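Given as structure tokens, the chain that follows is alone and in the form predicted on its own.
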Amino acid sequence: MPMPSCDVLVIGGGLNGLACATRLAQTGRKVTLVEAEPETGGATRALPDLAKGVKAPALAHLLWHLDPRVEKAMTLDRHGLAWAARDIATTVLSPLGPLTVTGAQTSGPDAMAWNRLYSRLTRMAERLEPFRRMAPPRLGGGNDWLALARHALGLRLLGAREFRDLLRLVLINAHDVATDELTDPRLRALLCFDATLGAWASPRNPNTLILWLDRLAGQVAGRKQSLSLPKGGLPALAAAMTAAARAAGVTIRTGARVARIDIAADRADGVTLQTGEMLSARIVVSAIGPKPTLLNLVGARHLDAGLVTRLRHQKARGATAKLHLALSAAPDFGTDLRARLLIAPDEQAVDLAFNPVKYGETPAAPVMELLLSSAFEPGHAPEGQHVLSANVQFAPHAPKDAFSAKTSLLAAAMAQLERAAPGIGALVTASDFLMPQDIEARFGMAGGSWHHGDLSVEQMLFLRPLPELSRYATPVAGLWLTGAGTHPGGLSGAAGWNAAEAIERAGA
């Protein structure tokens, strides 16, 4: 076996890959990160060539939360991270008129009911948040029992009534909570939309409220930040993390696509790039997703047949399309553009938008999340112009007819925008529209899923992505997983940091 060229080789330069590489480099290890694209950032990298002078993120346009361990230990402020806006309000667009919500605060007849519900769920999320910062518990033992006991005690400190309520809500669907607790259809729509954002699920599906609780748990960490936009957009966050990784000693190679993970004597010992170049390492960490890592880069012949079968059946279904529009002028949505805008008039609209997707079809009236980053700061578009990014829900990951599905969903999304902001169609100078299958092709995400696998109750915590892979290690010695497909998922960097700590604890 050749001498290793580095101690750790990380595959994938998304936020979790960068966080993992930096954490391991800070322990004195020699770390190399390889990224297939010309630049790092993964889902947060910039979209090239939408229009002259227009800057847009390729996929993610808002930061729901950033793990405070990552932000502090990587000293991201020293590497250029600053904020254009934090605690961004959400404005629900509706025939009843726009309704703005910031955390627990809103207006209208349901303001007190919303405050009570949001505050109650936030208290529960605060008790769940510590579990995001540790490796999932192992059912067979070998856990940090002191930490688990401490976090379990935190749950019990909710009190008997709220603890029972939490157990009930973990299993319930978002639609029932919305209709039981709220009367304003706009607030019901907000709850149902956020509980299913990026998920293959209707708000009537069981266990959907836990997805909202998980999102809240991320937000209550650290400084309790909510929706945020870095100066320069999400690509600027990736740039700051890349600079921090390099400062920690990580060697970053872009345009270096991995063809396979090399296995010798049943152990990962490096990778071979598509160019044929071989890079050796004692430890290989993949941040590109469990399915492509194990099924494509490792290969079934190195894995147990049962694991291969379970991986192939692991749910990874993207249900969100991505739309970018370059606009010649500001659109008129009848409200302040410095907000996250939702086109979702009521809870039924969210539910009805999902139904056709189950059958490989597209909704006639999709619900949408919009952000105009150019409204928050200059530099995203030429003066007087704007760029709009939208998450369009829902979209089939395996449509009956890919071309007609893409055409019909784009037309339906533009019709929704035209109703919300009359005349917006005439302002469009350039566009980019990605269906889930396009997202899979462009970003390598299995099924076009943001999460590299459904983030659902049966695939969370010690079940994510599969029970035998839940603690970041794989059955192949020396090969570890991180990224959105591992606990706790998302773009916060938490999965990358957790994986690095698991590697360090294992003495690898």
Partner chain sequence: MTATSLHRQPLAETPFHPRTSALNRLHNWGAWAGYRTAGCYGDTVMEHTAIRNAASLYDITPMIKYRITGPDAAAYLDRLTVRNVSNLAEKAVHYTAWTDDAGQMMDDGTLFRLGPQDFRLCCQERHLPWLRDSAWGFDVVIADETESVAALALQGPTSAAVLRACGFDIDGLKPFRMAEFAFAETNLLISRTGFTGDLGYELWIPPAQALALWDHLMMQGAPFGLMPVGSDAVMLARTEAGFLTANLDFIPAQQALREDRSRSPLELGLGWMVDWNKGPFTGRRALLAERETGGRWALVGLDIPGNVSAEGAILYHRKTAEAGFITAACWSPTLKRNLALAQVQARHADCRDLWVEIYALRELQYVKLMLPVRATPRPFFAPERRRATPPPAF
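Only a predicted model underlies this, so the values are computations on that prediction, with no experimental measurement involved. Positions refer to the first chain, counted from 1.
Same protein, other form: the form predicted together with its partner chain, not shown, and the subject of what follows.
Checking His79, Arg120, Arg246, Arg310 against its partner chain in the model of the complex, a heavy atom within 4.5 Å turns up for just one residue: Arg310. The partner is absent here, but in the model of the complex a heavy atom of Ala305, alone among Ala305, Ala329, Ala411, Ala426, sits within 4.5 Å of its partner chain.
From the list 293-301, 97-105, 128-136, 254-262, the contact stretch for its partner chain in the model of the complex under a 4.5 Å heavy atom rule is 293-301. Put simply, Ala473 is far from its partner chain in the model of the complex: not one heavy atom of it is within 4.5 Å. The closest heavy atom approach of Asp336 to its partner chain in the model of the complex falls outside 4.5 Å. By the criterion of a heavy atom within 4.5 Å, Asp266 is counted among the residues contacting its partner chain in the model of the complex.
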